[in-house]
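One chain is shown next in structure tokens, namely the form predicted on its own.
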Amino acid sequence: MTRSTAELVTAALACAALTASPAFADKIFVSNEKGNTITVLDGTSFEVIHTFNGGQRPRGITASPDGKVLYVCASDDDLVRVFDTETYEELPSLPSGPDPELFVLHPSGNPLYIANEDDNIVTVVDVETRQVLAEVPVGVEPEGMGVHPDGSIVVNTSETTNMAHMIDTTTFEIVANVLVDSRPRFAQYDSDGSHLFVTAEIGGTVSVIDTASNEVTHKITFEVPGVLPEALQPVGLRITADDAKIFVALGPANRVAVVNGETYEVEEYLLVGQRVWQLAFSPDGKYLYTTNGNSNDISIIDVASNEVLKSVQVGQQPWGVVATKSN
């Protein structure tokens, strides 16, 4: 083989390796609560490319800002399991307290704020040293977690107390408590942190909280012809980067509500899988992914057109979802 031929072959093999390597594709990670697994999908083809053990009853799931590390609430293991998003290798786990369900990372990527449902605390963990920095007492059955865009406040929602608790991330002290409707499940700030949105599963509403006054200024309600009001159970919620749309998962109604981010009016209901639970955007914001617990699949929604493109089977009772950008 001549030198020029050898160089061409080497270059061709290198290009093929780059093209074929899954490490260069966006990925979608789904926690399967009953199956005790994490399903990995290719973010372009939406095909399942891998499945690995996620611990006992994996629910909350998130990734580091650089997309290299995956964190999973292994609720029945009473810890947070940690994985490499490229190799799927399990890394040293994080302490969490009993029954971690949802968590949120500080915008810097450290620390991690964990809702511990069984002992009514929020556990704050340094993800690098794996040390507990604080345990903050909150209301009964803490669940939802959200963090202000500037990282100054983390919010927890307590299912039984029906409150959103605002915690100062410097002092770890509660600085405000806001009463919302029954069984708050999820909390998210808008892009500038001026408003906080809290879903209430049994109350059937989303409370809009003005963060300057810590007062509820609006409540978003839902109505679907042919669906009983008690089936309209807001759980997961996501807001587009430009705050134009708010997507709300409505649980056993099997629908995602599309809410106008300015008027708070519901513009459309999108039919997805059974018992839609949590939501996540693709890294570029083009797609929204929904976990559908009773149909064991995820739905993929085109954000611009509000069109449900397809559903993909994953594991048993998918609960949480997060998408990572290619490394």
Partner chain sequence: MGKTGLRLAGALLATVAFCSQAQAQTEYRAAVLRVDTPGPMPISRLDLPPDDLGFAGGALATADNATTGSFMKQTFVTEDVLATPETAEAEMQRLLDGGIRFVVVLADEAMTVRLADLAGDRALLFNAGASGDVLRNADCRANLLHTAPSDAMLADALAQFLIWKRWDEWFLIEGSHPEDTALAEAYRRAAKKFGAKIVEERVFEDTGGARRTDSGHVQVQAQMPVFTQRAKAHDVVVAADHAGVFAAWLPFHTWEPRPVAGSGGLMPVSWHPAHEAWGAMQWQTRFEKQNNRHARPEDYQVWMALRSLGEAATRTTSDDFDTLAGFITGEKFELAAFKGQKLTYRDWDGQLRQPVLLSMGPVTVSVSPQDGFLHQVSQLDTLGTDRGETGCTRMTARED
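Residue numbers count along the first chain shown, from 1. For clarity, every value in this text was computed on a predicted model and none was experimentally measured.
Keep in mind the form predicted together with its partner chain is missing from the figure; the text below concerns it.
J.: Would you mind picking out the stretch of 105 to 113, 238 to 246, 144 to 152, 119 to 127 that comes within 4.5 angstroms of its partner chain in the model of the complex, counting non-hydrogen atoms?
T.: After filtering at 4.5 Å, what remains is 119 to 127.
J.: Is L133 close enough to touch its partner chain in the model of the complex, meaning at least one heavy atom pair within 4.5 Å?
T.: Result no; L133 lies far from its partner chain in the model of the complex.
J.: Would S75 count as a contact of its partner chain in the model of the complex, using a 4.5 angstroms cut-off between non-hydrogen atoms?
T.: No, S75 sits far enough from its partner chain in the model of the complex that none of its heavy atoms falls within 4.5 Å.
J.: Is S93 one of the residues lying within 4.5 Å of its partner chain in the model of the complex, judged by heavy atom distances?
T.: Residue-level check for S93: no, no contact with its partner chain.
J.: Using heavy atoms and a 4.5 Å limit, would one call I202 a contact residue for its partner chain in the model of the complex?
T.: Yes.
J.: Whether N32, V82 and D84 jointly form a contact site for its partner chain in the model of the complex is the question; each needs a heavy atom within 4.5 Å.
T.: No residue of the spot touches its partner chain in the model of the complex.
J.: Looking at E173, E230, E89, D192 here, can you tell me which has any non-hydrogen atom within 4.5 angstroms of its partner chain in the model of the complex?
T.: Contact check passes for E230.
J.: Ok, N177, T211, T169, T221: which has a heavy atom sitting within 4.5 Å of its partner chain in the model of the complex?
T.: Checked against the cut-off, the match is N177.
J.: For 253 to 288: residues with a non-hydrogen atom within 4.5 angstroms of its partner chain in the model of the complex?
T.: The stretch does not touch the partner at all.
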